[in-house]
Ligand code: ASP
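A single chain, nothing else alongside it, follows as structure tokens in the form predicted on its own.
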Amino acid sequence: MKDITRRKFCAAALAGGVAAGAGKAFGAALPATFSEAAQPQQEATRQPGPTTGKRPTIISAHNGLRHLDAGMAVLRSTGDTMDAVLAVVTPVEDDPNDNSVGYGGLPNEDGVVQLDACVMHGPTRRCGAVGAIERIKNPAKVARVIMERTNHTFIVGRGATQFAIDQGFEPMNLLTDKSRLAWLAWKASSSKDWRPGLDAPDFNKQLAELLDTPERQAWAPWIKQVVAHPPTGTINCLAVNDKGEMSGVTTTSGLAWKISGRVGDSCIIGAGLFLDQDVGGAGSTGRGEEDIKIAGGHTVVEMMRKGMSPSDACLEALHRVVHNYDFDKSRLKMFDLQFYALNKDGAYGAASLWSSSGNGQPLTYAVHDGTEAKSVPFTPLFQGTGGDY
């Protein structure tokens, strides 16, 4: 048996050597990355991502912009980087007007808000995650408690909710009036049993009857948009302090109208978030199913480990998504995906599959490099707008 194993090993080594030699003989080294192997056509014009940075720095999805000052204040006071990223995302989770995370997040198909989140702490190399948790508005904080007070990494569903309550988190109804009405409008559009019958005087009055006050009427354009195009909003945040210590968090209410129990990439270590204290961190927003397929957060960090700039590492991850669809833009136009990256030296970057949002405005993310909080445009892979299917 040992002789057979040895022969197989030698044969495999010889085959590998022949293949490598053939590559050199024909003047073409094997591609190191997907982007070298196959470049999609009609990519957006872009500049190379920055390769140098400074510390402390903190970056996040665009909905964290107005809270970056609070995160930077923690970094400047020599606070823990985990405290810094939570200082950014917690107010977003608390905000009833942000319908992509926490309180006021858009619910699943049953009208229940289920939240996902994960955290990674670079100095201790620990992590925690929570999936499909209900009635707890700050899943990122619950993920931190899982990391710090248990020997588990990931708790989901009813167990996650009960764990949070046992740890002192206050349960509450996460469905705001605005989110509830949007869900009712979606139900009416998707099920004949949730709209007026054929005998109704005006079959199309459902939404008007729901929006029976001036304040509610102002929500009509937004409700029509989220019913037609279910959003996947999320917030990712990454921070590095002046000592080079890092932390990251991703938190979300997930895809609107999702199947009950569905989790996306936001609570999956290695997909929606990954961080290696020796290299840097990465996270994502957008269509989580596509990120999961390529372990996007881990992919971005590994590309930075190979020497790529943060922006180019994010683009490499997007190339892998595109490769899964054989560069078929008719299908790629159906969704969008963004990656964020920050290395241990404070260099940052982010890339998006498409260049603009539904209203035609360039997609941006938020950065505080110690000077001020500012919006920065993504480096896009393609020009145009992607939707949600």
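The shown structure was predicted, so the numbers you read here are calculated from the model rather than taken from an experiment. Heads up: residue numbers just count along the shown sequence, starting at 1.
Keep in mind that the form predicted in complex with aspartic acid is not shown, yet the notes after this line are about it.
Only one of 310-318, 286-294, 161-169, 77-85 places residue heavy atoms within 4.5 angstroms of aspartic acid in the predicted bound form, namely 286-294. Interface residue remark: residue 232 is counted as part of the site for aspartic acid in the predicted bound form, having a heavy atom within 4.5 Å. Contact check for residue 305: every heavy atom lies farther than 4.5 Å from aspartic acid in the predicted bound form. When aspartic acid is considered in the predicted bound form, residue 262 lines it closely, a heavy atom lying within 4.5 Å.
Remark: residue 255 counts among the residues lining aspartic acid in the predicted bound form, judged by a heavy atom distance of 4.5 Å or less.
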